[in-house]
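In the block that follows, a single chain appears as structure tokens, in the form predicted alone.
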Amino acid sequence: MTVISWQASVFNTLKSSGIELVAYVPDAGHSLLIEKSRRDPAIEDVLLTTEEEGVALCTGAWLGGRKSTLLMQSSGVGNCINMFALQRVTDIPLVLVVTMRGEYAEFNPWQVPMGSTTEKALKLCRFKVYRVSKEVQAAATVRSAIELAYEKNIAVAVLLSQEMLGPKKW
């Protein structure tokens, strides 16, 4: 019996949902998704210098007829607040997959303020927000987010709990 990690299941969900572009700032919590995206010739992976570039990139991908997703940490949500206006004004589908920081076993106090307000900030920006705290929920939740965003032309974020990801270590 082969055991597939939740990260591999989420990647398979991205592929089967028609995602053709994955934008990201490097993040340990997304490392497997990033690596699989980089290795897959059917997916264009785009390394960003800042998360807000990803909002514009995903908008452009949609205008060009492609589905995309933006991977980031919860701290990146804070960087994107102004740029989320682009989605709000244009009603273009936008899917975020966010690894949470500032929660379970956080060692870096700088991560706590944004980590504790990520969900509220996204909801204020009119995102539909799903929170995943169990590995078995990850792929199905990401699939639901993609389907909802692209069927209704809305912004949807999936927050992956830090408890699920495990404590960060330096």
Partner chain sequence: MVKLTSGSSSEQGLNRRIVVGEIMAGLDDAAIVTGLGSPTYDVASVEDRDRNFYLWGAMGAAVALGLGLALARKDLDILVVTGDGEMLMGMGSLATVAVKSPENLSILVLDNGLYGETGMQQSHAGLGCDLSEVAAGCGIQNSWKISTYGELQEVKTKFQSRGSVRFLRAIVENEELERVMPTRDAVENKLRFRKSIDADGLGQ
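Keep in mind that this is a model prediction, so the values were computed, not measured. Positions refer to the first chain, counted from 1.
What comes next is about the form predicted in complex with its partner chain, which is not displayed.
Peer 1: I'd like to know if Val158 sits close to its partner chain in the predicted bound form, meaning any non-hydrogen atom pair within 4.5 angstroms.
Peer 2: No - in the predicted bound form, heavy atoms of Val158 and its partner chain never come within 4.5 Å of each other.
Peer 1: Contact with its partner chain in the predicted bound form for Glu20, defined as at least one heavy atom pair within 4.5 Å: yes or no?
Peer 2: Contact with its partner chain, yes.
Peer 1: Are any of the heavy atoms in Phe127 no more than 4.5 Å from a heavy atom of its partner chain in the predicted bound form?
Peer 2: Phe127: no contact with its partner chain in the predicted bound form.
Peer 1: Asn79: heavy atom within 4.5 Å of its partner chain in the predicted bound form?
Peer 2: Because no heavy atom of Asn79 falls inside 4.5 Å of its partner chain in the predicted bound form, the answer is no.
Peer 1: Could you work out which of Leu32, Leu57, Ala121, Ala140 is the residue within 4.5 angstroms of its partner chain in the predicted bound form, going by heavy atoms?
Peer 2: Only one option qualifies, and that one is Leu57.
Peer 1: Only counting heavy atoms and a 4.5 Å limit, does any residue of 43 to 60 reach its partner chain in the predicted bound form, and if so which ones?
Peer 2: Contacting residues: Glu44, Asp45, Val46, Leu47, Leu48, Thr49, Glu53, Ala56, Leu57, Thr59, Gly60.
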